Every structure is written in structure tokens, then in C-alpha cells.
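Okay, here we've got a single chain as C-alpha cells, the form predicted on its own, with questions on binding and movement later.
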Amino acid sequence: MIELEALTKHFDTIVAVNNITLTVQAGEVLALLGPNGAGKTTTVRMLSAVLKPTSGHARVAGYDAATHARTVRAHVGVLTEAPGLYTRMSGREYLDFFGNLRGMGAAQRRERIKFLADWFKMTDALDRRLGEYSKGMAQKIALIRTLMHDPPVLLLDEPTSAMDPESARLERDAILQMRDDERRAIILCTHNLPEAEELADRMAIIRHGEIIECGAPAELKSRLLGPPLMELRFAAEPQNGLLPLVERALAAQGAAVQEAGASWVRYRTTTPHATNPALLQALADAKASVLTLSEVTQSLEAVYLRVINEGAVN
């Protein structure tokens, strides 16, 4: 649904996007992550046929964004970070206006507005002027505008910014539902890393206009942060010096203690299905009182910061 092939954009001597090659399939959400000025917005503008690339190609639903710009725009819904609303219009007038620009008939516009307003719990606000909306309400009406023509490709820039927790949850659920219909491809630009991890099938990290890492969240964590980190906790502080026993049991499985406290031990293992049962058996034989054995959650933030600060780690 989305294809970037050696996509490059120069502004005079500035290289905003440099030789990006990337694909997004139908039914997939790709999170495009990177610091301000990394090239995310420029990439989205080329995909939505607002900017022409200096070289390379951007294709949407099989159409080249440079040579079939009007067709590409018909297939794309773009949510910008700033909603850019006409504040003297009511919500209903505003959505009807944009539906009309998209070539939708009056009856189709009414039906679509009702459906989307109900979905995003905006029905009661449709006849109020947009200038009276809160920031979160303005963001929701902007997303409804983006979805008016039911586009197969969505380019969403910070879709939940300025929203209260309930509205943000509603919008994230909507994105998940749109992904699950398996006919829509979504690129999500966000600085909200927990949100990206929840919503995205894959993540592409961009820095200085280049994609320096791309993959599924779990794959990136494993490759960049190492094997799973396990934490073993005892019901009480051991009195019989269990750390040497733990170290021996782990060594027998090719693992080692990473850190330890008075009543806990952390270790990494590439074979938890073998290491964990062997360790628990050794502790049971020693009549140790084990409280929990669980995997420590490794954050996407750690992946992101490592990539941004160090570059690609392959």
C-alpha cells in the first residue's frame, strides 16, 4: 500500500530525507519515530503528494505520488499535528465542507458524519462552533475530517496530542480497529513511545533523514538490548547463601547473574524455556522459598535512545 524507493528530498543544501526505502502493507501500522527535524514530516508530505521528491519514488496504493498526485490524494487521509480548523464553522459544517471537496454526495456526507461522530463521541458537539472546542475535541474533529472519504492509507502525525486519557484511549482503539480491517495501511508519527509500541506492527527510526533501524518492537528489543532479562525473587531474604547455587545452576545452562539484591537476582538467558525450569528445580531441591520468576519488561525508550545516540547497531 505504501512504497518508498530511494526517496530523497533536498532543500537547497539541506538533505531533509536521504535515500529512504520502506514498505507498509495493508493491515499494518508503521510507527515513524525520530527527533524533531529528523525528516518525518517531509516524508509524509511526499507521500501525500504535497512535495515532490528530489529523487526516488513514493507510491501509494500503486500510484506514484509525483506523477499521479491527484489520485494519490484521493487515497490518502492526512492528520497534521496542528488541526488547522476553520473556527467560525460548526463541526457539522466543517466536515460537510471537506466531504464536499472530496466529491461525496450530500446523503453520503450526512451518513458518514453521523457514523464518525458517533464513533468518536462527538455527536453532541457537531453544531457548536469549532472555536469553542477544546484542544482534544479539535484533534478528534480533525481525525474525523481525515476519515471522511474512508481512505485506504492514513498518515497520522501525533494523533492523540492534547487529548485527555479517555479520548486518547478512544482514538488508539479506533486506530487498532482500522488496522484490523486488513485493507488499510497506516503510518503513525509520534513521540509517545508507549503508544507507538501498542499500536505499531513495525517501527522505523529516522535520524538526519535516514532510516537507521526498522523492525517489530520485540525484534528491536531483542537485537538491541540483548536476550530476555529474568528476575527471580525470594519470599524472604535467604539465610543460606543461595546466590552461589543460583550462579552454578545458571552457568550449567550457559547463563550468568547480571545483578543481585538481598532477596532477588536478575539474569539474561537466550534459552529461558530450558534455563528457568532447571534453575527452579535446583532451588526446589534446596528448599528455597521462591516468590516469583518473571521477565523484566524492557522499554522501547531504551531502544530508541540507544539508536538515536549511537546510530544503527547491527
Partner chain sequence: MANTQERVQGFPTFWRTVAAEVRPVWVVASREMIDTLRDWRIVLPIVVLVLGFPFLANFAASRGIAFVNQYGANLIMERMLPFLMLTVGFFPSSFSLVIALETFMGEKERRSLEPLLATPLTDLQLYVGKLLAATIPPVLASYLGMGFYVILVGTSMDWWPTLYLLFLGFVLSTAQALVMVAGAIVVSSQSTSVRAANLLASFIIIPMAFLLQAEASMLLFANYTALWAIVAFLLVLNILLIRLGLRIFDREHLLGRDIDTLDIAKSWRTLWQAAWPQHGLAALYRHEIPALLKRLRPELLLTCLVVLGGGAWIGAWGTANYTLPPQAFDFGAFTNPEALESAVAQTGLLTSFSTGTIWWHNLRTLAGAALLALFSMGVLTLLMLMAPLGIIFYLTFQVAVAGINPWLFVAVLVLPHGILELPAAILATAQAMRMGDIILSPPEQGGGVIGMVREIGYFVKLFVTVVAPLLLAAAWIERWVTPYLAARFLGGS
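Computed from a predicted model, the values in this text were never measured in an experiment. Positions refer to the first chain, counted from 1.
The discussion below concerns the form predicted together with its partner chain, not included here.
This chain is displayed without its partner chain, yet in the predicted complex the stretch 75-83 from 212-220, 189-197, 132-140, 75-83 comes within 4.5 Å of it by heavy atoms. Site annotation in the predicted complex: the residue of Arg233, Arg172, Arg102, Arg110 reaching within 4.5 Å of its partner chain with a heavy atom is Arg102.
Contact with its partner chain in the predicted complex, judged by any heavy atom within 4.5 Å, is made by just one of Arg207, Arg145, Arg92, Arg179: Arg145. Using a 4.5 angstroms threshold between heavy atoms, Arg70 counts as touching its partner chain in the predicted complex. At the 4.5 Å threshold, heavy atoms of Arg183 stay clear of its partner chain in the predicted complex, well away from it. Remark: Phe97 counts among the residues lining its partner chain in the predicted complex, judged by a heavy atom distance of 4.5 Å or less. Contact check for Lys52: a heavy atom falls within 4.5 Å of its partner chain in the predicted complex.
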